[in-house]
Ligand code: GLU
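For reference, the chain that follows is the form predicted on its own, supplied as structure tokens.
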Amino acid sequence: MKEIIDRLIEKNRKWVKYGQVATYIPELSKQDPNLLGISICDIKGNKFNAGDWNATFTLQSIAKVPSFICALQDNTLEVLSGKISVAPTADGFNSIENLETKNEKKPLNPMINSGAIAAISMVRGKTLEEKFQRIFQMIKKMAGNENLKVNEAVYKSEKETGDRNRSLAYYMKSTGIIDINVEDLLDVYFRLCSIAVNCQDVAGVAGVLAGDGKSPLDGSVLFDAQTAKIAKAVMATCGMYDGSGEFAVEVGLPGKSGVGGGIMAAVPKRMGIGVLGPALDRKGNSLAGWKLLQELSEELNLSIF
């Protein structure tokens, strides 16, 4: 495995020059576009790393998956479905039009910004700080890293420039999807997006999904298999924004990307994968990371389809 991923990293480094780092969050524009790394954590806890796997980046939208998992644990699917759908979108991850003109004012799915904000509001906790800590602890346990921290510079940058997310959240407040303080809720969302990780942390999170809720690192059961099944299904159909269909065809795995350059992919019953490539395509997905996963999937016959 190590030889394979070393080779594929070097083969796919050429793609970094065709993407661009995210600039709409100023702090993310400081990332090195030439980074490319990968980590694999199989369901037995074996780890394999290659390239710039130890470089630090922020979770960004990858945090939407643990947030959704916590919301699923704390609500029945019927209750959750009353406020968030699980329908794919052909529009961008921060689309306002989706909320206003489609789907009876509900976010289309929990993998876009509006859906993730709504999901956080439904996580158990008397205060928003308790909701944050519930999700943050889930991320730490899934990653197998109790030392994870919020990148304060990225968090402040997101909070200062997050007016699009404020628009989405206040619109949902006006339609009854959200019934708690918007600014405090967004503060939780921005902090979760700003959690600093490396590829191995992300592979650990994906490994729990691959193992149906059981940690490959310490054997603890973090959530039930049905929750894992639902999360992977939504990742497979919605996790790569409006590029989800192409990702299903080319990679064939439940995946979730973030504009920090990370991609998380779960191979059911086999392994979790974390990839970093900050240079993004036009839809906000890591360009070189996508190509790397495509070749890895083809070489190891990983596609679930």
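Start at 1 and count along the sequence shown; that's the residue number. Fair warning: this is a prediction, and the values are worked out from it, not measured in the lab.
Just so it is clear, the following notes concern the form predicted together with glutamic acid (GLU), a form of the same protein that is not shown.
- Across the options 246-254, 265-273, 24-32, 49-57, residues that bring heavy atoms within 4.5 Å of glutamic acid (GLU) in the predicted bound form belong to 24-32.
- Heavy atoms of residue 258 reach within 4.5 Å of glutamic acid (GLU) in the predicted bound form, making it an interface residue.
- Taking non-hydrogen atoms only, residue 109 never approaches glutamic acid (GLU) to within 4.5 angstroms in the predicted bound form.
- The closest heavy atom approach of residue 172 to glutamic acid (GLU) in the predicted bound form falls outside 4.5 Å.
- In the predicted bound form, glutamic acid (GLU) sits within 4.5 Å of a heavy atom belonging to residue 113.
- The three residues 189, 193 and 241 all sit with a heavy atom within 4.5 Å of glutamic acid (GLU) in the predicted bound form.
- 165 is the sole member of 215, 75, 165, 200 with a non-hydrogen atom within 4.5 Å of glutamic acid (GLU) in the predicted bound form.
- With contact defined as any non-hydrogen atom lying within 4.5 angstroms of glutamic acid (GLU) in the predicted bound form, the contacting residues in 55-84 are 60, 61, 64, given in sequence order.
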